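This document opens with one chain alone, in structure tokens, the form predicted on its own.
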């Protein structure tokens, strides 16, 4: 089957690789150059959690991804995941922390916030009354290394990747205008992140594009620290980064934006992130070493949206709703293949229009 995949972020690359390996004639299209930083997939690290607190569907998806990550690492000849452990934290009674504890398959003891300072030898501090669930199955993914691997591997399996060519919006049917050329396909999969709503306007009302900023902080005593996911007003998340730095982001802070006109980080962003660094990272300088912007594309319930177009045959929107999708990357290609080949899938049902994911919105960091 001749398939166009529009958008070559982590989802689109995974889909191209899997469909080509399965024997389909695949062309992947992206309006920007390889390894660009305009979307949601770029960066040094992403969080890996095998027990996501967002619900049973995500736990099964993460555990389905785990052996595939090992396959990718074997093919690449390098590790992609560094297992650091994680601290899931929030005010007493936090629904997110409670969900992480309930879903965990390991020991499920809760810690109090004031236990974290001695546990981390003073590197992380939390309010005394907070609940903290310690997870061993957390770590960080080398995001850009994974993207570079897929940019090499997908063509080896037969996919043709085309960069620097914009698909004209809106998409209407299976014939695409690609730059100055037109081409017909048997199926079209739109994995264009923040540009998905423009390409498939019937979904525009379900996809909100948000500007987010992350910052890197330096410590006088650098060491590998655990991942942090904090269920507070801003939805703080953090992870160790290369060169002894620690990266913080705010899941819930930042306004709507156009993907084609995103404001660069400024002093207001630095201070918002520094405020959390002062509280959580007492041994780190609260002045960011550097900052970077990224895009979130979110649905009203913050669950993934993987759904066939209602007005067009054989067209699929594939939105892993930026913020916590990277950890499932190897499975995305399988989900697209299941849709393409008509294989029933509980995930496709959960993330479709008729049956949303089983978890309620928890207001927790989606990293």
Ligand SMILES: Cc1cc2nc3c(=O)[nH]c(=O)nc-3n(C[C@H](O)[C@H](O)[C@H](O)COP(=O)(O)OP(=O)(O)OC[C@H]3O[C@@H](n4cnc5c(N)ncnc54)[C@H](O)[C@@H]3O)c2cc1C
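Positions refer to the first chain, counted from 1. Source: prediction; values computed, not measured.
Not on display, but discussed next: the form predicted in complex with the named molecule.
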field: Which of 96-104, 153-161, 188-196, 278-286 lines the interface with the named molecule in the predicted complex (heavy atom within 4.5 Å)
entry: 188-196
task: Decide if the three candidate residues 30, 214 and 320 all line the named molecule in the predicted complex, where lining means a heavy atom within 4.5 Å.
output: yes
query: Applying a 4.5 Å heavy atom distance criterion, does residue 55 contact the named molecule in the predicted complex?
result: no
task: Indicate whether the named molecule has at least one heavy atom within 4.5 Å of a heavy atom of residue 47 in the predicted complex.
output: yes
task: State yes or no: in the predicted complex, is some non-hydrogen atom of residue 314 no more than 4.5 angstroms from a non-hydrogen atom of the named molecule?
output: no
message: My question is simply whether residue 206 lines the interface with the named molecule in the predicted complex - judged by any non-hydrogen atom within 4.5 Å.
response: no
- prompt: From the list 239, 236, 89, 138, which entry has a heavy atom within 4.5 Å of the named molecule in the predicted complex?
  reply: 239
task: Residue by residue through 161-176, tell me which have a non-hydrogen atom within 4.5 angstroms of the named molecule in the predicted complex.
output: 165, 166, 167
